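Just the one chain here, the form predicted alone, laid out as structure tokens.
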Amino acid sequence: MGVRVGILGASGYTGGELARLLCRHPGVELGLITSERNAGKPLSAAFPHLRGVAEGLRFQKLTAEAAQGCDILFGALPHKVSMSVVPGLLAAGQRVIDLSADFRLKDAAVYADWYGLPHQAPDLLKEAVYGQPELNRAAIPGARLVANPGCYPTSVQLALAPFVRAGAVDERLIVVDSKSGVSGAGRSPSEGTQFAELSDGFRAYKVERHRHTPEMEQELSRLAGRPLTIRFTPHLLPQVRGILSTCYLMPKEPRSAAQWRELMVEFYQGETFVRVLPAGELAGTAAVRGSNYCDLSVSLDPRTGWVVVLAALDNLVKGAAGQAVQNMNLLLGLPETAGLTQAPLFP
């Protein structure tokens, strides 16, 4: 194969999903996986479910020499770390699909406000292409740096895009209530994600200020053509995978339930990975688990006049690794569905 790819920070949940998808991708060769704590160990040491898959691959420490042999690098490094690594990779002539939040925001001051430190590569923020294919496809193929969207923003932006783009809703009254499986918190142990703390419970977190908020407002404002704000509250579900975002919208003018659904159907016509559900069906996480699909449903509450949009996706696939592979396919001129056609897992 002519295209060699690598995963930086490959021992986390997102890195494992990237490895699972790329090891079976028909158009590329996975040639590098890096991890400081697992250096020298085989892929299966961190991911026993991948035993027998790319057994020759061993984790390496991240060095310029190791990275140089790859055409495209996936950055699965932590937020605040990636921005110190990516500039050197770009200077060496590589293309990067970064899955951290370090290059999603266009304004360095906004980044500093929400992430608590100055951006180390502010000159790259304007260059980085926001990699949500369904909403920004034309800009991706020529990019050398793609900022892969966050998991919550992927669900919310896909849910709201048809209505925001059409100017059909009041931009001052957008309320989003999102629930995520615990894998979204990453693989590093913490008290709040232990089984005894999480099981049989359901709670909100970062109610006043979640760092995905400015990302959503940035991209939705771009679609609307004017600034907008959202009221966003995330919750942690006692399950491993999945995001369900419930979005409440106030129409600017009356439409029937069928007309609201038709807006969404027309907007996503021809999109393989966005499934607009039939009228009366509601999106849920069980139907997308392990897949690159985002399921959408829209309902009209005739009593209050509010529109309710549901978006369900797998936070590790469409919300992270799968979308990154979609972006890679666009960079390489491959079919966008390459390596991503697996059906969801059920039950």
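Computed from a predicted structure; not experimentally measured. Residue indices: 1-based, along the sequence shown.
Form predicted together with a further copy of the same chain: not shown, discussed below.
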| query | finding |
| --- | --- |
| Contact of residue 64 with a further copy of the same chain in the model of the complex (heavy atom, 4.5 Å) | no |
| Proximity of residue 53 to a further copy of the same chain in the model of the complex, heavy atoms at 4.5 Å | yes |
| In the model of the complex, residue 109 touching a further copy of the same chain (heavy atom, 4.5 Å) | no |
| 4.5 Å heavy atom contact, residue 213 to a further copy of the same chain in the model of the complex | yes |
| Complete contact of 76, 166 and 334 with a further copy of the same chain in the model of the complex (any heavy atom, 4.5 Å) | no |
| Answer option from 233, 94, 120, 221, heavy atom within 4.5 Å of a further copy of the same chain in the model of the complex | 233 |
| In the model of the complex, the one of 81, 250, 139, 265 near a further copy of the same chain [non-hydrogen atom within 4.5 angstroms] | 250 |
| Segment assignment from 318-326, 300-308, 25-33, 56-64: heavy atom within 4.5 Å of a further copy of the same chain in the model of the complex | 300-308 |
| Contacts with a further copy of the same chain in the model of the complex, stretch 186-210 (heavy atom within 4.5 Å) | 187, 188, 189, 190, 191, 193, 194, 195, 196, 197, 198, 199, 200, 201, 202, 203, 204, 205, 206, 207, 208 |
